[in-house]
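Starting off, we have a lone chain in the form predicted alone, written out as structure tokens.
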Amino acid sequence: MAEFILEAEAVEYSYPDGTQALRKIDMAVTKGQKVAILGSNGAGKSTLFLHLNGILRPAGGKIRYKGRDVLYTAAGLRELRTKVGIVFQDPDSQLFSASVWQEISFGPLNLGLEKREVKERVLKAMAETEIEDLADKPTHMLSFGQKKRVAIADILAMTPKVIIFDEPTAWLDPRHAREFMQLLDRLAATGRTIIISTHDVDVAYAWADNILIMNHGQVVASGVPTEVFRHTDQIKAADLALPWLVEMHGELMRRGWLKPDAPLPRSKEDLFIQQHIVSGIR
């Protein structure tokens, strides 16, 4: 039976200006999953993330970690934030230390860990994010992509079980965006649960094990990518486009170039194989 590591039950939240950002949100994330949350600006994605590690407290409903309700005490929140880390969209909002080493070591030092363990954690985090050569660099001198990796190493040094990424490929060029998603795959391969928000339906469709679609503070669809993107009305209502693979698959079927029962492909290689099989039959 699947083990839920992070859950939201009927979560509601409104900002002081009266904006209702979350409307009875229900979600359950299975341990080890790669989850993508899609939605247009204002859908509630970032607000939901701030609830998942206790930065915001629900006005109604509950957040659970490993089946237990989050405790909004200093000790309870400190424990949650060592297990559920957030990497924000803009790394400059997260980085504040003078050097990369100081930045990554800050969190473990504040946990009161021995210097040897802090060093081990920092070295491991830098190795996982491939930034060992940046240890002594001033953080303000780094490129945007390098800052993103340091921000991840920041979180990794706290040894979280869940890592949340708010728009991880925003402002990255295609090559660096692809490399960044490969990094997330490597992190997921270690058993960590990875949750991202994104506007990029192509990235979400090809990468995620499970997808949630948000619209006006509600989850309007959830499930495996090949099922979620069959509900075109819900996708359009959320101001999202279909992934190009789904659109191409539909067009090839309309033209009779794919079998009527051909499953939705998850990669361009899958699509080429399907087309090749039909071409071979002909």
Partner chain sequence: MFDLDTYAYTNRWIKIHPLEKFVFALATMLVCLISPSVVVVWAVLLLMTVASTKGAGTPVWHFLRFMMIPFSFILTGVLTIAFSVSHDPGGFLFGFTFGSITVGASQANLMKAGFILFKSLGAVSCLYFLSLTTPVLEVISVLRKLKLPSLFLELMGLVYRFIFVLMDTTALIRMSQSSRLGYASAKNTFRSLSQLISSLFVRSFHRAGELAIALTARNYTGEIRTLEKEYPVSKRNYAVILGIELGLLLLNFT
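Predicted, not measured: the structure shown is a model, and the values here were computed from it. Positions refer to the first chain, counted from 1.
Keep in mind that the form predicted in complex with its partner chain is missing from the display, and what follows is about it.
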### Message
Looking at Ala28, Val224, Leu252, Ile55 here, can you tell me which has any non-hydrogen atom within 4.5 angstroms of its partner chain in the predicted bound form?
### Response
Ile55
### Task
Consider the chain as shown here, without its partner, and state which of Asp185, Glu132, Asp136, Asp173 has a heavy atom within 4.5 Å of its partner chain in the predicted bound form.
Asp136
#### Entry: Contact stretch among 200-208, 160-168, 105-113, 176-184 - heavy atom within 4.5 Å of its partner chain in the predicted bound form
105-113
### Task
Using the partner position in the predicted bound form, report whether Thr82 sits within 4.5 Å of its partner chain, counting heavy atoms only.
yes
### Message
I'd like to check something about Glu128: if you look in the predicted bound form, is any of its heavy atoms closer than or equal to 4.5 Å to a heavy atom of its partner chain?
### Response
no
### Query
Any chance Leu50 has a heavy atom within 4.5 Å of its partner chain in the predicted bound form?
yes
### Task
Check whether Ile194 has any heavy atom within 4.5 Å of a heavy atom of its partner chain in the predicted bound form, and answer yes or no.
no
### Task
Spell it out for me: taking its partner chain in the predicted bound form, does every residue among Asp92, Ser97 and Trp101 have a heavy atom no farther than 4.5 Å from it?
yes
### Message
If you apply a 4.5 angstroms heavy atom cut-off, which residues in 154-183 are near its partner chain in the predicted bound form?
### Response
Asp154, Ile155, Met158
